[in-house]
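The chain below stands alone, shown as structure tokens; this is the form predicted on its own.
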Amino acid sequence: MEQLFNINLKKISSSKEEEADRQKNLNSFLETGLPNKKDENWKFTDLNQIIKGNFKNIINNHESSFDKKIQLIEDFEHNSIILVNGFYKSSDIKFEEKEKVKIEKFNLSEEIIEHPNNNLYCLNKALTIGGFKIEIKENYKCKKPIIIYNYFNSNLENKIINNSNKIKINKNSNLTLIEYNIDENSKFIKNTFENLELEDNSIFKSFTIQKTKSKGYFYKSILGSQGNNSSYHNFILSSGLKFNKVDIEMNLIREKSNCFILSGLGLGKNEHQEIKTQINHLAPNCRSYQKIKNVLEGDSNGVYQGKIFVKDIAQKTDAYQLSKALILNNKAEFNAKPELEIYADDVKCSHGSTSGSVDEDAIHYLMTRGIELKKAKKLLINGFLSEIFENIPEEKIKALLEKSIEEQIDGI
């Protein structure tokens, strides 16, 4: 494992004490190494073999120079944050009251809440170069979304990026955040840990979309807590990545909190994507809703592991979980592991998973109406994925995401 990683801690450390702390965490990571299928959390994804099979010498990223101008999305009013290779560069909150929205570089001296039983957290602590921190003050509803332009340049070949983020939405406030990944087609690894804190009556909506195909290998762990009557909406639309795993654990710690996780992914040749969720219902009268949809072409591999945990005091829980896969090639593979662990008796919980191929009768019907095969298949795929937009009331955001989905379908 040490031979695979060629790490320089001095260039990212500001003191000998910091370097020693980084070395301690790096040693902890190297003792166990990258996760494999022996780890239940990685039951369907052997990251150790995937990384070893695609990288011979991994070095850590410490360069932050950048002189290009990033093309912002037009005809869509928004605030912006610029990240380059994981480094926080700048922000422009032009539509908001500046004193109500606090955005800054993540402070490395500030501990991110530990993500338990996750050896990649030790790697992140050893090599993190920052990230961002967002705080929305009490009683403030953001007027426009914030788009994070997550830019990766062409100098990242065989490098690993580690960063940490924190998002806090205070009482009676809301935020819509769109993470927009732009990639110059380097082969790199990104290891991100993110903490969320949603206080009472807050609303946080998060969207992840990919502008272009990517050779990147992405891992992201999200750990969050929700207060009374808070709402968390996470829409994952990050198609086009060589490898991607999103690991989400949300703790519904106060009554009437709501958690929604929806994903629509198109996976092409030799692409691997996994979504793993654990929703912990720890208080009464809470709701969670998860719908994961994958379209798989070529020899792609899709995975969904989802667990719903209901504590004994969490009566009146309403939890729903469903994964669906549309398999377009017999070499493609989809694995699902839905779980329920319930200790309360007055609950409504359900889960399920289905997979199948394109409906040939529907294809035939469309072709008899003069639609060619390729377009007919595209219409059915679009219909399959578009269901995830049911919970997006904002028409401009919906239009932006639908355009992204259509481009992803063209690239499958």
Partner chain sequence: MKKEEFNNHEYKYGFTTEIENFKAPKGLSEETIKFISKIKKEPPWMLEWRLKAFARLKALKEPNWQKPKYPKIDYQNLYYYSAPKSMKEKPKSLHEVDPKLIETYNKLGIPLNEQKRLSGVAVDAVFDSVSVATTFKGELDKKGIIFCPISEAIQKHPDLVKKYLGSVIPISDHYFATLNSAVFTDGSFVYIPPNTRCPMELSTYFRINASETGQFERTLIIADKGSYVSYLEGCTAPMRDENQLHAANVELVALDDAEIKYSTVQNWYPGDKDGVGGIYNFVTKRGACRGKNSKISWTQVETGSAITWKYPSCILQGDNSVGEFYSIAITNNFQKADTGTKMIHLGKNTKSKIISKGISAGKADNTYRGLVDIGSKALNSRNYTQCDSLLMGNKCGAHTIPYIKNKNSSSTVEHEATTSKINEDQLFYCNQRGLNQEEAVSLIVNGFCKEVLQQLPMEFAVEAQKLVSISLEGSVG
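Everything numeric here is computed off the predicted structure, so don't read it as measured data. Positions refer to the first chain, counted from 1.
The discussion below concerns the form predicted in complex with the partner chain, not included here.
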Task: Partner contact for K269 in the predicted bound form: the partner chain, 4.5 angstroms, heavy atom - done: no
Task: Residue contact check: H62 to the partner chain in the predicted bound form, 4.5 Å heavy atom - done: no
Open item on the list: Can you tell me if Y343 lies within 4.5 angstroms of the partner chain in the predicted bound form, counting non-hydrogen atoms only?
Closed with: yes
Open item on the list: E99 versus the partner chain, in the predicted bound form: is there a non-hydrogen atom within 4.5 Å?
Closed with: no
TODO: Counting non-hydrogen atoms within 4.5 angstroms of the partner chain in the predicted bound form, say which of I327, C142, I93, V84 makes the cut.
DONE: I327
Open item on the list: Give me the residue from T32, N382, S350, Q49 that has a heavy atom within 4.5 Å of the partner chain in the predicted bound form.
Closed with: S350
Task: Candidate stretches 361-369, 54-62, 39-47, 22-30 - the one whose heavy atoms come within 4.5 Å of the partner chain in the predicted bound form - done: 39-47
TODO: Could you run down 311-327 and flag each residue that has a heavy atom within 4.5 Å of the partner chain in the predicted bound form?
DONE: D312, Q315, I327
